[in-house]
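Here we start with a single chain on its own, the form predicted on its own, put down as structure tokens.
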Amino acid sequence: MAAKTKVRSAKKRRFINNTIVHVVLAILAFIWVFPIIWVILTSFRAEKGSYVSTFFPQSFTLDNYVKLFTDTSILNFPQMFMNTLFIAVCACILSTFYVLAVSYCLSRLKFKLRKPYMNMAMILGLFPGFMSMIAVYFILKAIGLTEGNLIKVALILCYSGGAGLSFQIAKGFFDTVPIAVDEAALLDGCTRWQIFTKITLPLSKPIVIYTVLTSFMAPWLDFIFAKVICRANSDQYTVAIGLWNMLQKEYIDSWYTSFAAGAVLISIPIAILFLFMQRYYVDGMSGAVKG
């Protein structure tokens, strides 16, 4: 009887603990999901302005989304979207190559300044990137990259130029790939470039996907560097600047609900990428090798 009582008590405690954990997780999930739901509902709200008498919309419409792509006289959202997409794709390609190439070299090659470079990168990583934005702006201005369409080039350089310092995760992944694979390829006459492109990268799909995702998100979501470099060149604005302008006092009354619609639209590409590549993203973070 005593043993049965202990078993029942243990089951009861386990049930109570599991219940508490699930309740806490449910509350945290609600806190995380509720703002997203509110932004989506606001994007369909028919009532204009930021100050309304009810928290949830009383009526719904698609006009907020239509306005983003039709009312381009003041805020040209389609152009901002295409500017951001072009900058993000170009910066993503360059950043991905830089990160993977630097990570592979630090993982496989032994050279004199290897450790000093890794120490320097670790120290620089302690400081936020926007600390250098004024210096970066004047350097770009000195070489004539702060006017016209060259602003896109300047932003691409800003987002991809320092990507090689973010090698830590990719290097850790490459370290888990057996070096015997490289040695066998060298015996077969492969060059380091052939080993990197034809052997190591195919074995490292998770970290490639992870690097692509993180390299795309930075320029897609950035506001600070884009605002400093674009300044008053409205034809070069990115989506982040456009959404910020919608909340200015002269536009907020007529553009507030369209701001919510724009926030929903810019989240869709990243959400789709994460949904389709979530497994590779997790594998890349954990350093697992699939092959």
Partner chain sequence: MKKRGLAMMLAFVLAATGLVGCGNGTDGASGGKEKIRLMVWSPSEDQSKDSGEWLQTMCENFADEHPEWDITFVYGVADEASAAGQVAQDAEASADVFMYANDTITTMTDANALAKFGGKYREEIESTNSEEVLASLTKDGELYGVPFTTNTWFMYYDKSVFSEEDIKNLDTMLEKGVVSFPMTNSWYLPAFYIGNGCTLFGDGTDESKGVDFSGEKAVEVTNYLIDLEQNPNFRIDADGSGIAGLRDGSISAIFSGSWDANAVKEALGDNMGVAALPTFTLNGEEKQMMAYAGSKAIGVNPNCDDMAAAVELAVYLGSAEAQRAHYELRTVIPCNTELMAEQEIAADPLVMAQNNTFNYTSILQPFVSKMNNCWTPVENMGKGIRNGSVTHDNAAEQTESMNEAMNSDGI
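This structure is a prediction, so every number in the text was calculated from the model and none was measured. Numbering follows the first chain given and starts at 1.
Absent from the display: the form predicted together with its partner chain. The rest refers to it.
With the partner left out here, its partner chain still marks one of 116-124, 183-191, 90-98, 130-138 in the predicted bound form; by a 4.5 Å heavy atom cut-off that stretch is 130-138.
Interface residue remark: residue 73 is counted as part of the site for its partner chain in the predicted bound form, having a heavy atom within 4.5 Å. Although the partner is absent here, residue 175 sits far enough away that none of its heavy atoms falls within 4.5 Å of its partner chain in the predicted bound form.
With a 4.5 Å cutoff on heavy atoms, residue 62 does not count as touching its partner chain in the predicted bound form; it lies far away. Although the partner is absent here, residue 34 lies well away from its partner chain in the predicted bound form, with no heavy atom inside 4.5 Å. Contacts with its partner chain in the predicted bound form, taken as any heavy atom within 4.5 Å, map to no residue of 206-225.
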